[in-house]
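What follows is a single chain, given as structure tokens, in the form predicted alone.
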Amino acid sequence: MSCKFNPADVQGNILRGYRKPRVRYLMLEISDRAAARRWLTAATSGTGGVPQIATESGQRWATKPDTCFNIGLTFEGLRALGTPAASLATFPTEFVQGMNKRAIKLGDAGPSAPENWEQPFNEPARVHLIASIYADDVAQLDRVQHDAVGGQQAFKLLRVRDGWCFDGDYVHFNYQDNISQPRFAEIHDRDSFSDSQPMAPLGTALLGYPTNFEGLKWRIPEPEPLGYNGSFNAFRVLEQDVVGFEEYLTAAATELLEHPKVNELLPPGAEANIQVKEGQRLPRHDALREVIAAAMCGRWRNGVPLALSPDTPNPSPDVSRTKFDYTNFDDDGAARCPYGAHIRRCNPRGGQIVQRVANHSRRLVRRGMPYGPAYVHDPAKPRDPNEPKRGLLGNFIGANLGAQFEAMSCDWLNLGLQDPRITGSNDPLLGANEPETSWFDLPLKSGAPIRLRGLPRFVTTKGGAYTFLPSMAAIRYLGSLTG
């Protein structure tokens, strides 16, 4: 069966983001199956006081609404609703097993292991539905939460998690984020986005459409109304050691000052080109900190890609944040953007990799917001033992968890299989690093790179779940189940 794209059938926030400054996630357990089915039916139309689920077609607003409401169901949630066993058997293995049982493949070991996850993800069988509320302020979040779960018997509220945007799309570690996302020809105007990457086929994010692999569509859960226009999401609670990251930059820069090749990495006087604030000239040590931070990410902290501006975060004239590739360098490529840099590992664009057919096949839609207060680095201030928790509430959306999210996490982030020059190393920012074995290469134009060692783990998984993001037709189907 071919499926004609109908944006009114697709939940919002998948193909296009909401651009709202606040989000709240409600982790819910189904306590009354019949009531939960009625709730789902009501949510498709916004009747009975239940918030209406936002759709892709609804995102073409003349005036944006104050709030947007969406849902994702875990495998246990589908089962708790009474989804027939024959239908459950058609869902992919990784979704059926759940994120906690796929932990090793994701690098969730040691402090990130599921036995250390926070409530309620330490009891994954109880997490049935994750509802998201996007809004402009807290009062709106409170109102929609009350309408969704207050005074009803369908669900038990297990936990609430809030995230919010910082000014300028910056996130913890002080990088500008939300720069490059897949664009879809059915949704986006190519001429409106300056990006050298090809438009993504709908099958990147939705079930029932062509993918980047010629002639391949992912298997669609049955029956047809349940699977078509659905998507899968890896919801992650990622705690970030922001203080530890800044401390590492300081220690690495101090070590580099004594390195015999430091002048090749940062020629004397070149620190004048590295300004994080207008008119502020950094001392050489602080400039080296920013060079290391840029190399680890693949972008300067203001979002300027190293591929287009390897020597300064403030190029003149300005350069595109998105229109670049790794195939048109004058040298071997690494002297501009390291092979092991975070954005290059996650998305090699058109650059040469071992798995050449996979270049654009593992792209994901990313929706995330920080939690915890923004951190202002002060080298004169000692580490506070009561430092507040900070991190990211992240959603990594695609049509196939195994071929996209898990393959990227395992093969590219934590094994470096895409290039023999980084194989055996982990992503410097998100990877499952241990100081005893970790390393990252700072490339030089003249020859062998400078190898940094002793990278700790900066990001620790505190919980998460694989969810199915059903279409509106699927939500109505689930609401109509009987027995």
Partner chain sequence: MARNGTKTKAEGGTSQKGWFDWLGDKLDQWVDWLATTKPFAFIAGRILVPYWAWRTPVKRLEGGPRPSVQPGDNVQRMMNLVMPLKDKSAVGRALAALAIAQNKDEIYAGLDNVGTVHFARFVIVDDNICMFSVYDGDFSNYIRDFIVTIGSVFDAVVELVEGGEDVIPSAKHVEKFIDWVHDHDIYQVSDVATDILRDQEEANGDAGAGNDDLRLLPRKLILQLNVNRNVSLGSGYRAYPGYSAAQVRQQFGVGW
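From a predicted model like this one, the values you see are computed outputs, not experimental measurements. Positions refer to the first chain, counted from 1.
Keep in mind that the form predicted together with the partner chain is missing from the display, and what follows is about it.
Within 4.5 Å of any heavy atom of the partner chain in the predicted complex lies no heavy atom of residue 276. Put simply, residue 93 is close to the partner chain in the predicted complex: some heavy atom of it is within 4.5 Å. Interface membership of residue 148, defined by any non-hydrogen atom within 4.5 Å of the partner chain in the predicted complex, is ruled out. Within this chain, residue 37 is remote from the site of the partner chain in the predicted complex, having no heavy atom within 4.5 Å.
Comparing 305-313, 114-122, 133-141, 402-410 against the partner chain in the predicted complex, the single stretch with non-hydrogen atoms within 4.5 angstroms of it is 402-410.
In terms of contact with the partner chain in the predicted complex, the residue from 80, 353, 319, 270 that brings a heavy atom within 4.5 Å is 353.
Put simply, of 323, 105, 377, 161 only one has a heavy atom within 4.5 Å of the partner chain in the predicted complex, and it is 105. Against the partner chain in the predicted complex, the set 215, 219 and 421 is in full contact: each member has a heavy atom within 4.5 Å.
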